[in-house]
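Single chain ahead, written as structure tokens, the form predicted alone.
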């Protein structure tokens, strides 16, 4: 018997992701990968997979899926509102960060994320995905990855590996960090900006705008005055870099960022705060806190203890 999920509704920006495709940035291919690493890894831990196993990432609204095949252990991580619709029509309110078993003909209706952006859907044994250069992350703009490098569509079937491993449900207590303080380190071109603009950047709030996706997050707030040059020679850039184009409004580069960029960078988000950042919905006001390398490294050590 074939085992797959029938995609009835694809959801918003639903793609297969893992921890990323590394070592190719010099060829113009960004690492990409899941937006919120902790939530992603939790989804795999809930079903007993290795934490790097490919999962389905969705934003705001997830897919409506129907199981065709044998019963299977699955999990949804993040802050997510979803229902399990049994084959007989009964509807059960789903619980995030807790694995559960669904059977042939059951549906999972991922209605929305709750005051957050991204959620993850994992399955015991993982999905049947073809890797590209050692990763199943989907880079939609480059059409790289499983599902022909594209988002889910309503005509798709999602096949998965069927394991004989005993299915055991579990739950993981998990709370998003609620504060809106994002710690950053100085960017390479921080000296391009007026001292007052530097002070404004680290003291005033910036609003997350709707012009935000997997590539970047546009912010709105106090204009930053550049007194040196509004452009630089293009250079390699990283996830979390905060560029400031000519309009003086910062842009935070996210997981699917370009591999090079020509705007001055005022700061860079530390790794430990990246997951918290990407879960901020449009309209949220955030503040930046300047930290040094020692603080960033200490925060990273605390961060990886959660995995």
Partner chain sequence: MLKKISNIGDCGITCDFGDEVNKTINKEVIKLFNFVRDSVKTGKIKGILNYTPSYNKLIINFELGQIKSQQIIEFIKSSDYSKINLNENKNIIEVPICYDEEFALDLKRLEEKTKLNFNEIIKKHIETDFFVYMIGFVPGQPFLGDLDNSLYHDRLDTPRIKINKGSVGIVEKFCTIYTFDSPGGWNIIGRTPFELFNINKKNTSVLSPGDTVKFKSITKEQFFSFKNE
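Only a predicted model underlies this, so the values are computations on that prediction, with no experimental measurement involved. Numbering follows the first chain given and starts at 1.
The same protein has a further form, the form predicted in complex with the partner chain, not shown here; the description that follows concerns it.
Residue contact check for residue 24: one or more of its heavy atoms lie within 4.5 Å of the partner chain in the predicted bound form.
With a 4.5 Å cutoff on heavy atoms, residue 248 does not count as touching the partner chain in the predicted bound form; it lies far away. Residue contact with the partner chain in the predicted bound form: residue 170 places no heavy atom within 4.5 Å of it.
Within this chain, residue 235 lines the site of the partner chain in the predicted bound form, having a heavy atom no more than 4.5 Å away.
The chain is drawn here without the partner chain; in the predicted bound form, the stretch among 64-72, 276-284, 26-34, 51-59 whose residues come within 4.5 Å of it by any heavy atom is 26-34. Note on contacts: among 230, 128, 86, 141, the single residue with a heavy atom within 4.5 Å of the partner chain in the predicted bound form is 141. Distance criterion of 4.5 Å from any heavy atom to the partner chain in the predicted bound form singles out 185 from the list 194, 185, 211, 95. No residue in the set 101, 114 and 176 has a non-hydrogen atom no more than 4.5 Å from the partner chain in the predicted bound form. Residues 258, 259, 260, 268, 270 are the members of 256-270 with a non-hydrogen atom no more than 4.5 angstroms from the partner chain in the predicted bound form.
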